[in-house]
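One chain comes next, on its own, written as structure tokens: the form predicted on its own.
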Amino acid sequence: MKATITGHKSFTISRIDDRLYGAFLEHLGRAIYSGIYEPDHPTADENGMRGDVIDLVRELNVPVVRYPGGNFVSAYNWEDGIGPKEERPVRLDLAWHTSESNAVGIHEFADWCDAVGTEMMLAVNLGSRGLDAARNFVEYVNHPGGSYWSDLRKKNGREAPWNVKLWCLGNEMDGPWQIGHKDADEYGKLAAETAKAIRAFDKSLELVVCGSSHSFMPTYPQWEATVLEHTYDVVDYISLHMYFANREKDTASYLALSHRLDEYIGTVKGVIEFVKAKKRSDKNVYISFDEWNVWYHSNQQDRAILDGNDGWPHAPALLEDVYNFEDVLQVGLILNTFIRRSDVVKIGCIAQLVNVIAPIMTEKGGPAWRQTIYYPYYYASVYGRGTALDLRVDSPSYDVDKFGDVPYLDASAVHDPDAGTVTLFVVNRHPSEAIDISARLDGFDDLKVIEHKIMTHDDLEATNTGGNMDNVKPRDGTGAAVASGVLNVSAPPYSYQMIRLG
């Protein structure tokens, strides 16, 4: 089977915002407690943060982390997480039917972000609370001093403001499951007034308004249109969320879900353009895709806790999907879609980062390890920065109900002019046939292969565990070479590849 890829240095999609490769941490399950924070762990630092996890996150070069939720934020009092730990209240978290100790709050999270080298993306509660709590939170975090909230921050041990630039105006407010759920008009008006108050404090801050929780919501895409009509002039991004599942064990259909993702982005881009035209605006609003990942493996095991049958446990194992090799292909396809849509998708947050539907898993008191999906996320984050090239891919395809023809070969490419490299990310969806690829990339001088990594496995269900951490991992690729300006490489069946040219 053969396929061709054609690109040119001058034919580009967009400069990629580094924050496309962000992540998410919520006070949910073991994401925080025994995920990033475990004071008794052998590797814990002076702040109680797991050093082994810090090392794995640093490796990913995560540019931004969204916090503290998620559904959790819609009934969260941010003030519970400041001041002496022994005086912080224990609260019941209605979103996940657990208890919250508040041992980790904004100070601890900010210190952890410094340790891993990332920026904070903070969410305010527009569910059970509103404008006043939001403006106070922003003042506490960002004001230098001389006011009630900024001076309280100093009293609590942080002299300088954190100067967080990116703020989310609530979470999934279209969802009936959300504490404080509102319809589009109610939420749009509240978000607009909250945004105006935050901009009165600092008009340079970047604000994210809630879009649809997923593309099957009955209010989608009217929700986006209504909310943007209220907020277009005072926000910078609209958030989208999507999770991917293979409950029917149909790999062909599962690996076609990135087409639904692409349609979702395209539709919301159209809504943004419609509202912009209706308002006769010169301003651009972009997409923050701040929750995405594979999520379905752990659904059944979570039911007892989520249904309230286990009382109110603190930091139980929840949403702990154990990812397999098939999910490597899916995550590679998702990231390729984001790269190709980088003209409108500027921020992305894999949900989540540790333990909870995450690329990193930990054992309490024990090791931390890379799940299978760690690797495509790693390669995109580290090597997918620069300018997205507008490729033309000619590949054999297969037919999938609801999606039509789906090409077996999926590819994206990023030119990093500073490093002088072009990086290709390639997925072969075919179950049994290799694809011989000829990729012509014109406008670049003397390209040669400088790094080639490939992921394949003879078992789609293969996983990494604490006892077998390297069962699914990349290996060096072979046979990729450039001749007369054309890269020739073979993509084995069901494979993911990263090829760097320089």
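The structure presented is a predicted model; accordingly, all values stated were derived computationally and were not measured. Throughout, we count residues from 1 along the sequence that is shown.
Below: the form predicted in complex with alpha-L-arabinofuranose (AHR), not depicted.
- When alpha-L-arabinofuranose (AHR) is considered in the model of the complex, E172 lines it closely, a heavy atom lying within 4.5 Å.
- Although the partner is absent from this view, G70 contacts alpha-L-arabinofuranose (AHR) in the model of the complex, with a non-hydrogen atom inside 4.5 angstroms.
- Within this chain, R340 is remote from the site of alpha-L-arabinofuranose (AHR) in the model of the complex, having no heavy atom within 4.5 Å.
- Using a 4.5 angstroms limit between non-hydrogen atoms, Y243 touches alpha-L-arabinofuranose (AHR) in the model of the complex.
- From the list 42 to 50, 454 to 462, 23 to 31, 56 to 64, the contact stretch for alpha-L-arabinofuranose (AHR) in the model of the complex under a 4.5 Å heavy atom rule is 23 to 31.
- Exactly one listed residue, out of W177, Y148, F201, F216, brings a non-hydrogen atom to within 4.5 Å of alpha-L-arabinofuranose (AHR) in the model of the complex: W177.
- Screening A388, I238, M361, L319 for any heavy atom within 4.5 Å of alpha-L-arabinofuranose (AHR) in the model of the complex leaves a single hit, L319.
- Against alpha-L-arabinofuranose (AHR) in the model of the complex, the set A123, W167 and Y286 makes no contact: no member has a heavy atom within 4.5 Å.
- In the model of the complex, alpha-L-arabinofuranose (AHR) lies within 4.5 angstroms of at least one heavy atom of each of the following residues of 269 to 300: E291, W295, in sequence order.
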